[in-house]
Ligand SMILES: C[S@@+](CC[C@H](N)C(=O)[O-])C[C@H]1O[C@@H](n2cnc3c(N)ncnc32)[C@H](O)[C@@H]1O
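Read the single chain below, which is given as structure tokens and is the form predicted alone.
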């Protein structure tokens, strides 16, 4: 069971688009040439603009409202679909990408990606993860989430994707890219609300208010320094 619902994002488009973190330039540099590329779970296009500069891009998402917002930022082919049922012919893509999305998929998604990739094609997956573990404000936030959403655990996305996908692909160790961003408290509140597992809480307003109170003590100027690691996984079809 997942701690949230992927279709919850359809009602969170504004907050998601405004407050979700982007990805560092070093991430895109590490991807290499993309060729004919399919982006899964493109959402509001946070990664799509940069991907479109590096290959011939088709974007997809299971949420039409999220996908429509992404198309405000870049033009190109788009399709509403799930990764488990891709409406494409066999062996048509050089690259399939997924930013912050593969944890929403089930096993048939891997089989579908193998089907649509050409021999030697790559599946590239990446996530932003907070590196604030051990900081009291972060730990208190995670404690509240675990108490308020029984399906949530702070390490729920800590998955060995090489073990999960090694049956279908040649694997490699993940690449880690560390970076940070600074955002004000208003934007941080929107960032919290954009998370599907926060939307499962009984008292979302109370949760957000308590988290902001913690942050005001640590960041009295109202600017939150948020550290991240972007973890990039690479898989190749043999």
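As the structure is a computational prediction, the values presented were derived from the model and not from experiment. Residue numbers count along the first chain shown, from 1.
Omitted here: the form predicted in complex with the ligand. The next part is about that form.
Shown alone here, residue 23 lies within 4.5 Å of the ligand in the model of the complex, counting heavy atoms only. The closest non-hydrogen atom of residue 212 lies beyond 4.5 Å of the ligand in the model of the complex. Taking the partner from elsewhere, residue 132 is found to have every heavy atom lying beyond 4.5 Å of the ligand in the model of the complex. At the 4.5 Å threshold, heavy atoms of residue 100 reach the ligand in the model of the complex.
84 is the sole member of 139, 160, 72, 84 with a non-hydrogen atom within 4.5 Å of the ligand in the model of the complex.
Note on contacts: among 152, 104, 88, 168, the single residue with a heavy atom within 4.5 Å of the ligand in the model of the complex is 104. Comparing 185 to 193, 54 to 62, 199 to 207, 171 to 179 against the ligand in the model of the complex, the single stretch with non-hydrogen atoms within 4.5 angstroms of it is 54 to 62. For the three marked residues, 42, 46 and 66, a heavy atom of each sits within 4.5 Å of the ligand in the model of the complex.
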